[in-house]
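Below you'll find only one chain, the form predicted alone, shown as structure tokens.
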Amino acid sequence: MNHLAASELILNKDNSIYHLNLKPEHLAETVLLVGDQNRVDKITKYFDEVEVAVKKREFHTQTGIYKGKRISVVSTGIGTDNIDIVLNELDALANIDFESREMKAEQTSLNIIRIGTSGSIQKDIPVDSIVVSEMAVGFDNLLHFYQSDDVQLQDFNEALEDHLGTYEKNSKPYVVAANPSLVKQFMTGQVFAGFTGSNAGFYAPQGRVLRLALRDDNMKDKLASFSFKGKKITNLEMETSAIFGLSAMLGHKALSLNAIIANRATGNFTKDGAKAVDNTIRYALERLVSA
């Protein structure tokens, strides 16, 4: 079996994984990911008990019990670069023996669900609603560093590239799907089905202008007008595509729940973002124990 060198599988002195500072026994098989480390407490306040609480840098983890179900809540920080760290280390906690530094004979498939904020780019998806991402497109370059072709929806990749006229120095978009069983579990009449765009930044990559000019003034409109096989891009954020892609390659199930706090098509912004996020949290927790 492949023995992982100390420079590759990096462990702390207490034998916890390098960035997350977690040990395998700290991790539940159901993991909720949030960007903001302060949002961890906003989820676990609903738990019956919290058994683990660990913080290191922007990574804050709490594991506990909600209505009999063991759940870990992990903050990732912003962006797909952080997702690369978090997903690989979560997988290591589940599927690598830290003593032998070898892959476990039996692999564990985690349920990984993002709960985050997002902006809609379609008029019919209002602020304060919830979008369940069935698919995601990444405009960063993370998945292109991996042998990821098998998890990408190549026909969507090509259609998007043709529609957007991607600048030659920009990364080519990659489209990946959520886990179908999780989509089915979380899709109800209370939410919108989504095709989520994960951008490499918050301003120019999402078509926002403050003082710096955009290379493509029509980017936001191009994203909103894309349509292929009955799918339109519904909302923009900065993590979902990497979560879907890495999870699929590693054998985990992934989903993303988006609290819509802005509508870029109408110019509206939520009057109570905390409530919108809390509604999404409570929806996620109830769907987790409904199966």
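Note that this is a predicted model, so its numbers are computed, not measured. Quick note: we count residues from 1 along the sequence shown, nothing fancier.
One more form of this protein exists, namely the form predicted in complex with a small molecule; it is left out here, but the text below deals with it.
Not displayed here, the small molecule is approached by residue 117 to within 4.5 Å at the level of heavy atoms in the predicted bound form. Interface residue remark: residue 78 is counted as part of the site for the small molecule in the predicted bound form, having a heavy atom within 4.5 Å. Residue 35 belongs to the set of residues with a heavy atom inside 4.5 Å of the small molecule in the predicted bound form. When contacts are judged by a 4.5 Å heavy atom cut-off, residue 98 does not count as touching the small molecule in the predicted bound form.
You can rule out all but one of 22-30, 47-55, 235-243, 221-229: in the predicted bound form, only 235-243 has residues with a heavy atom within 4.5 Å of the small molecule. The partner is absent here, but in the predicted bound form a heavy atom of 39, alone among 60, 253, 264, 39, sits within 4.5 Å of the small molecule.
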